[in-house]
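In structure tokens, one chain follows: the form predicted on its own.
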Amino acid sequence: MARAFKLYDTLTRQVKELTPLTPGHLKFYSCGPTVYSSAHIGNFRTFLTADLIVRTAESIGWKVDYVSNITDVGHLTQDDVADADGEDKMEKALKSKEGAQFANVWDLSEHYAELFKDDWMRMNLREPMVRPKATQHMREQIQAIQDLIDKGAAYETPSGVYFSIESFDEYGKLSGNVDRDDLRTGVRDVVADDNKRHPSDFALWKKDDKHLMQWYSPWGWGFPGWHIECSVMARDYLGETIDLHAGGEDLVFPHHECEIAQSETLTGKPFSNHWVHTRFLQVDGEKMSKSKGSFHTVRDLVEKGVDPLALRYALISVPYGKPLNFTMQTLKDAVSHVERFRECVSRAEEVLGSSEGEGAPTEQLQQIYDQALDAMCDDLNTSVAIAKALEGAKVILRETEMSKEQAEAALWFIHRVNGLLGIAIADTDAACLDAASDEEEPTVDGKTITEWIDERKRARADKDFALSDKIRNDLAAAGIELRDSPDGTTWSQISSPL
């Protein structure tokens, strides 16, 4: 019997079944980063929601066409209002201390785009079908703007081209911002163009022949507004109506509201049949703050010795629809839990001699996995799914004398759980960096870490798991973390990430 995949829909404000237009084939667009700096862990909580949607859909047998963009132009410092003003975020970044290393804004955006892709791999996220850049789709954006003008939904002023919100009766249906007077009040102090027909009309094109990134258009030199890029790229790669659109809760208004207005005016069809938004992340109960030392990027944490899979675990430990409070204890707990999954793999492989022995599951492990999958199909209930994954690991690890069949069942379970949650095995080597590779190897109680690893390996071969665990715990107490993988055991020095 086919499983129903249910997600909360921001548009209808209810949990409902995700129903692809083509049965079993999900067309999914999720907003990616603006590449003017390294992405922080709050950004990655949103990207992880999209990743879990992809993994869950694939786990129930669906094909997924997944697109996640890169914004490398057109995002301004006041884009939290319908018609943004202020400085371009990448131009501002170029003037910063960090930006001084770049010759131009193009180099800056390319640099941070590449760093983002590296962090994406470290966090064990599925690669999108395509990762389009706004600057690579300028012709399509200009054409879409012209089409909106031709339809009477957009108009030109001396400073730009604007979408008329009064041309789209349903403007505000996603966010609930349907009161035109409230919209006018919210943007009065920001909008600078007195030629606009309505204060809340939003920019499709900004005329600016001095902007560091500019293109020639029928309306002169300038650059596109932020919102038009996603409308264009979603349509180009996924069609006029997509099954699902996702992003952070900060994108509901104005970004996604404006996308809907543009897209549905252009095509006369629904833009997306389902909308998912991830709640904000806090650190120690407060908004992330650089001045308080609570602003964390994935790159910074990994370079301090944090296991990327443990970080991933911590960021998905609370369902996406609830706020997440990220703490040091959350991360410590995640490290120990991820190690339990790795211990399952190691013990099974010791019996089988390799990772190629995956066979049929036991009835108990099959039931536990099915319960984890059911939880993910119920609005990505990661709390329950992770609890079930740990329950399965407990079942596996209580077998001190594993048979071949039990070892095969263990690998079956761990690989299925990993396919669903991505917290047990790294899909790429980037997620298991050895922070000690370029360091002089320290000693603990007169032995090098390598010697301790060899001793632990002998203990495991002798099935002396008590000694194996003692060696791990003693090294952890000395500030050394061991990481087991199919390729062997590596180590890194533990440092406080927060």
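Quick caveat: nothing in here was measured; it's all calculated off a predicted structure. In case it trips you up, residue 1 is the first one in the sequence shown, and so on.
Although it is not shown, the form predicted together with a small molecule is what the next lines describe.
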- Note on the structure: in the model of the complex, the residue from 251, 242, 426, 373 with a non-hydrogen atom within 4.5 Å of the small molecule is 251
- Task: Quick one: from 453, 31, 48, 57, grab the residue that has a heavy atom within 4.5 Å of the small molecule in the model of the complex.
- Result: 31
- Message: Please tell me whether the candidate spot formed by 6, 25 and 238 is one where all three residues come within 4.5 Å of the small molecule in the model of the complex (heavy atoms).
- Response: no
- Distance check, residue 111 to the small molecule in the model of the complex, heavy atom within 4.5 Å: no
- Query: Is residue 472 one of the residues lying within 4.5 Å of the small molecule in the model of the complex, judged by heavy atom distances?
  - Reply: no
- Query: Is residue 281 one of the residues lying within 4.5 Å of the small molecule in the model of the complex, judged by heavy atom distances?
  - Reply: yes
- Can you check whether residue 460 is within 4.5 Å of the small molecule in the model of the complex, heavy atom basis? no
- Where does the small molecule sit in the model of the complex: which of 460-468, 32-40, 443-451, 60-68, heavy atoms within 4.5 Å? 32-40
